[in-house]
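For this one, two forms of the same chain are given in structure tokens, first as structure 1 and then as structure 2.
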Structure 1
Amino acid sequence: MHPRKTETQSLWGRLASLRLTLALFLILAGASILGTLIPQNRPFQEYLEMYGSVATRIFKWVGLTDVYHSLWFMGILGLLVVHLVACSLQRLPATWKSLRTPQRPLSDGLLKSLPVVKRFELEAGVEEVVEALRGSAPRFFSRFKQEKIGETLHLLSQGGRWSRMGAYVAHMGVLGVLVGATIGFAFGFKGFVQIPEGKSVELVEERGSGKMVPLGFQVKCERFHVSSYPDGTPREYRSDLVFMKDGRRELEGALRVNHPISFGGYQFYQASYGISARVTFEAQKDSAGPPLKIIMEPGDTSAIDPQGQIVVRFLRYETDLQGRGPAVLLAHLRQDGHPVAGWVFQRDGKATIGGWSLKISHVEEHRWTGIQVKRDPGVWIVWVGCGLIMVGCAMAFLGVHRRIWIKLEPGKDGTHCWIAASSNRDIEGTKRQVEMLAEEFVKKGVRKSRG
């Protein structure tokens, strides 16, 4: 043989080895534990504070701050896929063949290899024993195939062969889950959008990249409702949505938690809600002249002086901060270039920025609903895979492939009797079954002595 071929065979063999199975389980479990001990996907600053700069840099480099999406973790999952395929391809032909091979009568060699063997003597002759059994338990007896070799009678039965296929079915299922997840990861979309009450959107922010992606239609939130139980526990979050295409109302629906809506190839999920505001500020210098009016919403940046030199940014709105009513978090650049941020309250609050005094003159609140948007072309493969895992488990754990051999050999004054059995699992149960069977024989055939 060419050395090259044996090499590939041994690599192939190693890829399908149980040692690799156990190693993969161990590594996946270990990596998963790491991912729950080290907080994942936090801002860089947080890691610096927790672990210091050296550890943070190592963590970042190894990918420990995003274990489950790191290249090495995906590599292990890839190896798992290869391993599953290798195992199935390597073992299936042998399993299939052994399932197709008919059960052979009990030979001496076979007898030695079987895990359960019981031997005893009966006083009755072979025919008498068989007749007695057939009379008392015809249904049980019909499961056995009879074969006569010389004077010796062999009774053979096997059941639950299909249970041997359970492992292959379950492994196909795991493969399906991994393939489906990969398809979802590569071709799916996950995004989030905030829609103010009464407004509509057609762009959704992609999670991770932050890219604004056009849906190809508009989603309008007509109203957002929150209701509570008497004890204050929230009862329902509901967005009344309208899906519009080219100005036509195509679908109306109430979006609630646990009740997603599908439209235009996307699924929509009620995720969060909040309150935002359109705030009117008045800016004035040295209390002289009429105040300048500026209208802003969260996220807006605007100048507060006519020259456009003093620029502020509206960071956040709180409807009731520290029990002191509406407040706005504003940021601006100091003259030395440092950014500073501070809260401005509507009630008796005034900020002084670059010689200008700023106060809130009017607040117009509105609610927004936060909606999760997704498209996942692989999800059905994941569910089929899950189904196969469960079917495979049921086959493998509920069924038992069990073979029973009975050999009745005529002796000088009676019958030499062997009962042997094998099973792919549940040897205890098989032993018990053989014991019961032997008892039945002894009852019908009168036992003489133990062999």
Structure 2
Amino acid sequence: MHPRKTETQSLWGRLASLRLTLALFLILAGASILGTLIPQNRPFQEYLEMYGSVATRIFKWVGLTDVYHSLWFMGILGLLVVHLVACSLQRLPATWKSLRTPQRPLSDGLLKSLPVVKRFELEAGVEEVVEALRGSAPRFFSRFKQEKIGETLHLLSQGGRWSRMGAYVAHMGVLGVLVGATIGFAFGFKGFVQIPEGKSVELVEERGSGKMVPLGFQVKCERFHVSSYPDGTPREYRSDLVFMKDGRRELEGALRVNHPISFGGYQFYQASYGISARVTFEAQKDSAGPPLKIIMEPGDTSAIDPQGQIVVRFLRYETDLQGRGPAVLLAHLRQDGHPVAGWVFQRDGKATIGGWSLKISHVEEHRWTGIQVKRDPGVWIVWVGCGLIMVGCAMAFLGVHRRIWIKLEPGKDGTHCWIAASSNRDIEGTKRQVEMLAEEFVKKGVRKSRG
């Protein structure tokens, strides 16, 4: 044999080995555990706070902060695909040949190789036995194919042979899931958007990149509702959404947790909610001059003096902080040092920044709903793959390829009968079925003795 051909066969055999199966599944399980324990796709600053600079840089370099999109994880999935293909191609030809090969009559050599064999001596002749079976149990008799060799009659039956293809159907399902997931990773989209109640958006922030991606239509939150348990914890939160295109209302629906809405090729999921505010501040240098009004929302940056020298940023809003009512977290962006942050309370507080007095004069609260937006072009392939896995497992574990032989040979005082059977699994069930066949002969009173 050619050395190169031998090496190829050896490599192909290793790719189809059971050890590789176990190793790949253990590695994938370990990667999934890491992807669960380590938060995925968070801002770099969050990782620094949780793990420190050294561990964060290692995690980023290895790809542990985005495990399921990392090159090494995709490489393992690719190797799993090659492994499944190798397993199927190595074993499929022999299985297919076995399924296509007709059942042979019961010979002496075949009889010795079968795991279940019973022998009977019958008083009646061969034709009488066949007529008794055909008359009393026509459905039973119709399962068998007759083949006569000389004076000997062979009854052949087999069922469930296609169950042996279950493993290959399941393999196709796994390949479908992997291919569909790969398509979703490569061409899918995941994003997040906050929509204030009564407002609409048409741009969504892509997860990971932070880019604003246009949807091609508008999504409006007409109403947001939260229902709570008696202790105040949220029971359900719902967003009444309207999807509009070219100014027309195309779809309306209530978005709830675990009840997504699909529109325009995207799926929308209820993820979070919160309360924001439009806050009016009054800034005053001294009591003599009129106050300067400044209107800000979270994330805004504005100067509180006419010269634009004193700049503050609206960081956060709380409806009731420490029981003291509405409060705003402001940061003073100083040119000569680090920003300084502090809370400003509406009821009884004010801040002094750069000689200016700043207080809250009016708060206009509004709720917002947080929505995850997803597009996955490979999801239907994943669902087909899952269906094939279920069908394949049902075929492999519930189906039994069982073959039965009955040999009726004329004798001096009647008929010699052999009942033999084999199956790819459930040998005990096969023995019970052979016993039931033997009882059919007992009921007809044609059995004389058993060997």
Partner chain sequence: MDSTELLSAISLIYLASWFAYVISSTTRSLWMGRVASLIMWAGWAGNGAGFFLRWMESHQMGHGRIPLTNQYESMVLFAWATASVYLLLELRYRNRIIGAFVAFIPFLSLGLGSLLFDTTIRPLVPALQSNWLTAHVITCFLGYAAFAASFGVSLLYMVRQRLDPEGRMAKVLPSEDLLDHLNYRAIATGFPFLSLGIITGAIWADVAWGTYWSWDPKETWSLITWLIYAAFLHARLSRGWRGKRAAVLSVIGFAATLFTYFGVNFLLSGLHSYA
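What we label the rigid core is the largest C-alpha set whose atoms superpose within 1.5 Å from one form to the other. Counting starts at 1 and follows the sequence of structure 1. In this text the structure is predicted, and so the values were computed from the model without any measurement.
The first of the two structures is the form predicted in complex with the partner chain.
Relative to the superposed core, residue 105 shifts its CA atom by 2 Å or more between the two structures. After superposing the rigid core, the C-alpha of residue 153 moves by 2 Å or more between the two structures. Once both forms are fitted on their rigid core, the CA atom of residue 362 lies less than 2 Å apart between the two structures. Shown is the Cα shift of residue 40 between the two structures after rigid core superposition, which amounts to 4.5 Å. Core-based alignment between the two structures gives a C-alpha movement of 3.1 Å at residue 69.
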